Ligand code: BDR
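As a starting point, one isolated chain is supplied in structure tokens, in the form predicted alone.
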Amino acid sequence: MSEGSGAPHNVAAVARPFFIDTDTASDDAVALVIALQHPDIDVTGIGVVAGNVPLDIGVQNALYVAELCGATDVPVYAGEAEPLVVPLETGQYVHGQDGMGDIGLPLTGRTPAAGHAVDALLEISHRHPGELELVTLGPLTNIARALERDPSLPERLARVVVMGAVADHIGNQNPVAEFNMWVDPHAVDVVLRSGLPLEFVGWDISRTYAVMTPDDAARLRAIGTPTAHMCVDIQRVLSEFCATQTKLEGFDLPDPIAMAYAIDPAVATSTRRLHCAVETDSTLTRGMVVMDLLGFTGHEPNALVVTSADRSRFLAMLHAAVSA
């Protein structure tokens, strides 16, 4: 598969239709750049959900990134503002109050598309039955609501790539849970029981294969385009969090490596089919996606889980995207 030459997002005659669901903050923004700049991908719509930031901020951030990429024809839809059951707790302490590093970007005043993200996903799935690929970068609230509205949705989706969970059960929100799954565990439960063709790219993949050291970040920024500058500069608050909390040697990019895999599955160097279930009740392990690595439960696998990745292939895709 081509890794992109910087052509506009809708150039390819047989571009693959993607719908992206995001809680747009600093790593989501980079993932959107990768998709919007890739010549093989037709981003049919972007749905926004509350998570990293409140819904209205996430909508404005997605609109800003689309505009920066020259993709103002891609509709951005506001979705769910609260998780299904638990109250919303954002990740602004990780990404900044504006979700984009608090570096002073002009992130207000843009107008999203009319309609709700859930309705948009369902409508677009009918427009591209059996072909639409869904990529989720945030909590799964919008997807759970879509399944409640139309349980036949899994029949029309070719793939659902989820940035979430951790295959090694080492979390970034509590000791065993990844943030997206923790924010709305009840939505994760709906999704895991739905029959959707799920593929998980967890935070373990990000912290192992997608950490940008200061030298990596400098090389990326030196490409010199507005998108290259943005993709590095908006990680300011995240970089501090990674240094002090997750103990990484730079900022990591979970959503971008998930998007890279969604576009090019060869980014994954190993995968496993596993049965996954989520903890919704425990205060200690809320949001933990329990992966039955040894088959103890006897349940059939309900997800493909990426267990290792090609860092160089990911970085090549990222550099190609910001070189446009």
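Residue positions are given as counts along the sequence shown, with the first one as 1. All of these numbers come straight from a predicted model, not from anything done at the bench.
What follows is about the form predicted together with the ligand, which we do not show.
If the cut-off is 4.5 angstroms on heavy atoms, which of these, Glu199, Glu178, Glu80, Glu133, is the one near the ligand in the predicted bound form?
None of the others qualify; the residue that does is Glu178.
Any chance Asp27, Met163 and Asn172 all have a heavy atom within 4.5 Å of the ligand in the predicted bound form?
Yes: each residue has a heavy atom within 4.5 Å of the partner.
Which one, 248 to 256, 121 to 129, 187 to 195, 214 to 222, holds residues whose non-hydrogen atoms are within 4.5 Å of the ligand in the predicted bound form?
Only one stretch passes the 4.5 Å heavy-atom test: 248 to 256.
Does any part of Asn61 reach within 4.5 Å of the ligand in the predicted bound form? Heavy atoms only, please.
It does not: once the ligand is placed as it appears in the predicted bound form, Asn61 has no heavy atom within 4.5 Å of it.
So in the predicted bound form, does any heavy atom of Met100 sit within 4.5 Å of the ligand?
The answer is no: Met100 has no heavy atom within 4.5 Å of the ligand.
Would Leu137 count as a contact of the ligand in the predicted bound form, using a 4.5 angstroms cut-off between non-hydrogen atoms?
Because a heavy atom of Leu137 falls inside 4.5 Å of the ligand in the predicted bound form, the answer is yes.
Under the 4.5 Å heavy atom criterion, name the residues of 210 to 241 that approach the ligand in the predicted bound form, in sequence order.
Contacting residues: none.
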